[in-house]
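Only one chain comes next, encoded as structure tokens, the form predicted on its own.
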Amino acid sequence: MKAQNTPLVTELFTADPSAHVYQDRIYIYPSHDIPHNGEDNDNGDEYQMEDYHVFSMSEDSDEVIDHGMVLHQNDVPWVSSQMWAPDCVLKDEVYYLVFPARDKDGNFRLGIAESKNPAGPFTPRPECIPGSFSIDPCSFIDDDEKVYILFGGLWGGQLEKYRTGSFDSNGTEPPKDEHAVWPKIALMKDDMSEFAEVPRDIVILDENGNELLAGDEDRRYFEDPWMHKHNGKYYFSYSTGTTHYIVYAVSDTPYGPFTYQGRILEPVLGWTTHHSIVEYHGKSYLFYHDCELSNGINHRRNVKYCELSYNSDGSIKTIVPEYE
């Protein structure tokens, strides 16, 4: 496997990597940045992704295999544009690619595509997940084979526009002294057809048991949810967005509440980062993106990875990106 802090793929601009171990290989499910000269704004108009590639790698080789384009927005009847950060989950011998995109009305929804092969190609369902909204799905499968979808992102991801329970085009973030906008989690039905429940808030607490506030930009949620388990604990990690940290919180249940613990990754080159955590052959790895290949152009990103380590108390050692 390649050295840490090296762009994993150089022939495409890739971002938002979701990494999983299937068939004794690491499979990476990223988004695909397409170079253009469009507007760069808080609505995310610069991120004009329209297809997905799947990549894989193994411990005994430096080769990263590009399995090609596995899904395009033109293949999905309900999609109009912007297929952003995806994830994948294996359940009952089917690989489910879960992805966000704008529907024909311009609102973000979550969709599902299926394959019998972790490398795809993936066949999309004709409709989005009923009741879904926002972006950045993470599909977490627990030890009992139950699958949960975690999701949500502010600004271009529209999460703050659902604070009342339904879409409000004029919806805004709460005042800085009120609790932050919470990401969402929902159990999926066994056939992965739809949510088995109304999505719930993922509440994040500080060290004193108080809900994190909207003005606490070093710790509050912005986008990029990820869940993994370590020594029986549920670790919920995410991006703080405007302050550019990847941070984490811990709970005894997948629903939380989660108690904030600290930073996993300090800021990288570029405005965004987006991550996943995977264990492979006894080691843990952090996958993320920055903009090194493009010298800082925010919508031309590249996937990287490095080893992730835990302290004896279960806390995660903070990683500081290195640049020459």
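Note that residue numbering follows the sequence shown and begins at 1. Computed from a predicted model, the values in this text were never measured in an experiment.
Here the subject shifts to the form predicted together with beta-L-arabinofuranose (FUB), a form of this protein not shown in this document.
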Contact segment among 218 to 226, 117 to 125, 202 to 210, 185 to 193, judged by heavy atoms lying within 4.5 Å of beta-L-arabinofuranose (FUB) in the predicted bound form: 218 to 226
Residue among 249, 135, 112, 71 with a heavy atom within 4.5 Å of beta-L-arabinofuranose (FUB) in the predicted bound form: 135
Does any heavy atom of residue 84 come within 4.5 Å of a heavy atom of beta-L-arabinofuranose (FUB) in the predicted bound form? yes
Taking 4.5 angstroms as the cut-off for heavy atoms, does residue 47 touch beta-L-arabinofuranose (FUB) in the predicted bound form? yes
Check whether residue 276 has any heavy atom within 4.5 Å of a heavy atom of beta-L-arabinofuranose (FUB) in the predicted bound form, and answer yes or no. no
All of 18, 56 and 304 within 4.5 Å of beta-L-arabinofuranose (FUB) in the predicted bound form, heavy atom check: no
Stretch 278 to 296 - residues with a heavy atom within 4.5 Å of beta-L-arabinofuranose (FUB) in the predicted bound form: 289
